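Shown below, as structure tokens, is a lone chain in the form predicted on its own; questions about how it binds or moves come after it.
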């Protein structure tokens, strides 16, 4: 990495507060909760898996943080790390797509919006995929679809379950139809997984929306979500503006979806690894 890219990366990281929910008190020693507005000592929040100890608000996690929390120590082995998105259409809005990709790589240290690999959870072997909202809002482009599909193919080869954590604003508009095609591609891959009698566990985190929610996120044999996560195709503001009506309280949040039969479990982060272990044990036995 050149010295110019290093300084640019540092600048981008400072500007990325909206994606990382960065701390808004100088020094990053204390954090104000976005839900209850209470001030929390940073180390206490980290020790509580980034869940507010006062109101239970679940802060966003990066993919590396999620790996550390759910997989057995040191067991995660990443695959297909080298894959990066291409600007098929020479797409430009206020900035070129190629430029956005480069900036996102510099800002996050990731090559795209999902990391995939093998891991152990509670000693059980799994194929694990984790989306990261900090990379272009977790949007699904051709690389996300390809890495998801390769993960499923690896699971079929090794005869192990697939677990994917989703967080996404939806399909990546800069790739147009190439992005939308990933909805069919990932769904077809899960069809092959099912034909081989292997389980797929989908874990939805805040937010999971658009083309991701309309494809692999909602196709789990077991569908799990964290508390109060937004899980939707179109967001509530879009729906309200379209139908010109006020939506019910909690509409499109995890608890609402559980009540209406669209989820199997709403699970607090502290209990998530144990819950996944129990599910894996059930499928194994």
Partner chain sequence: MPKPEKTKYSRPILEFEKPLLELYEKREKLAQIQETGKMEMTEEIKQLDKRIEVTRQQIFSGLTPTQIVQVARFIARPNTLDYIGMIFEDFIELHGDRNFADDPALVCGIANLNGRSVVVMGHNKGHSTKENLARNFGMANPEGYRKALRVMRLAERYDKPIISFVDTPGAYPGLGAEERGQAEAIAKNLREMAELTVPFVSIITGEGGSGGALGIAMGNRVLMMEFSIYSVISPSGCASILFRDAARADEAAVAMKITAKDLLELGVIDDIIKEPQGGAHNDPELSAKNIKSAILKQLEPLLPLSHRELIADRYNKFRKMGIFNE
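Numbering follows the first chain given and starts at 1. In this text the structure is predicted, and so the values were computed from the model without any measurement.
Omitted here: the form predicted together with its partner chain. The next part is about that form.
At the 4.5 Å threshold, heavy atoms of residue 256 reach its partner chain in the model of the complex. Residue contact with its partner chain in the model of the complex: residue 82 places a heavy atom within 4.5 Å of it. Using a 4.5 Å cutoff between non-hydrogen atoms, residue 43 does not count as a contact of its partner chain in the model of the complex.
For the chain shown alone, residue 65 is not a contact residue for its partner chain in the model of the complex, no non-hydrogen atom being within 4.5 angstroms.
Candidate site formed by 57, 104 and 159: none of these residues places a non-hydrogen atom within 4.5 angstroms of its partner chain in the model of the complex.
From the list 70-78, 127-135, 86-94, 114-122, the contact stretch for its partner chain in the model of the complex under a 4.5 Å heavy atom rule is 86-94. Counting a residue when any of its non-hydrogen atoms is within 4.5 Å of its partner chain in the model of the complex, the hits in 250-282 run 251, 252, 256, 258, 259, 260, 261, 262, 263, 264, 265, 275, 278, 279, 281, 282.
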